[in-house]
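Next comes just one chain, in structure tokens: the form predicted alone.
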Amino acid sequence: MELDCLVIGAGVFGLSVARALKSAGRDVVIVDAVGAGAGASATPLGVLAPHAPDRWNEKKQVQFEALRSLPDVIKALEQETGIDAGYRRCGRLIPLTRAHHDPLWRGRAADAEQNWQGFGNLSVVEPEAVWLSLDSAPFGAALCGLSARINAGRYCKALSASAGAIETGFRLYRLDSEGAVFEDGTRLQAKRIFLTTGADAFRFLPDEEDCTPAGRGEKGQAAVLRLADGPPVDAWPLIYKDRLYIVPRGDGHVAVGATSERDYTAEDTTDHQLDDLIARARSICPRLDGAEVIERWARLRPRAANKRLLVCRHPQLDHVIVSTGGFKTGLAMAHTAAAKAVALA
């Protein structure tokens, strides 16, 4: 029997595609090796942050439009499912460590006023010393009002509740002109197959003409800390310094991360690199003094060769539509990637 639409992969991209297909009246079957949000989609960080507003280009515009439309998507999803996705426009602090950073970021504030169209602003502030160490921000901090956070696990749970049942145990082995073959020998045929398996999707794509792979998985490690007694942090901004995020999660815990590793021996194990990140986070954020590490996390994140979303027809299989990439921006852009993928169907 030939299915109408088969979605392979139940991360935030696959679930968003399935939900969009369902809204369009299509019949959808969702399969995954493990289940909803089992890969990089369930990151403990849940950062939704824009690119810098200066030197505006098409890539930044696309991401801005995704960030601007996401709150309405989340609101509708929460009303439909009754599941709180933990979205909060909390802002993001970026420490200023050199004297020239102040005029630089004040100039970017003017760019933000123009390019963010009033949806968010950018300013230079004096941070709360208990949250961001003054030694780490000797010239203050830039506060990005467009940045937000989301509970990625609950977002995937809500998407799953909306999109429908997920059949697990389906690890993709091969795609061909007749359908999809899985490692247990099962073959499924469909009018449209959506390949949304994150970093693993690149295995099923040919190299580009210059022999460059379509993309790769980059390992990210992160941790969740339980705070010691003290002032609550849930309403405070994210902190971003030198590729390190410190994220109040809204549940009394704080997440820190993530590494970006091209070379690794195991994709889901943590090591000294995460220990180093945790130590850096403690030195930046005094509120983390005495905090206990309660979760260590590692997964592969999908990075397309051009560092952008990869939403397209498969170069060799016209009935297969690919939706992956996003790397560090996938949570923010999954709904727009889904709309584009469904339009190709």
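If you're wondering where the values come from, they're calculated on a predicted model, not measured in any experiment. The first residue of the sequence shown is number 1, and the count goes up from there.
There is another form of this protein, the form predicted together with a small molecule, and it is not shown here; the text below is about that form.
Across the options 139-147, 71-79, 213-221, 109-117, residues that bring heavy atoms within 4.5 Å of the small molecule in the model of the complex belong to 213-221.
This chain is drawn without the small molecule; in the model of the complex, the residue among I30, V311, L45, C285 with a heavy atom within 4.5 Å of it is L45. With the partner removed from view, the residue among A258, A180, L122, A158 that has a non-hydrogen atom within 4.5 Å of the small molecule in the model of the complex turns out to be A258. By the criterion of a heavy atom within 4.5 Å, A341 is excluded from the residues contacting the small molecule in the model of the complex.
A residue is said to contact a partner when one of its heavy atoms sits within 4.5 Å of a partner heavy atom; T329 meets this definition for the small molecule in the model of the complex. Interface residue remark: A38 is counted as part of the site for the small molecule in the model of the complex, having a heavy atom within 4.5 Å. For L172, a non-hydrogen atom is located within 4.5 Å of the small molecule in the model of the complex, even though that partner is not displayed.
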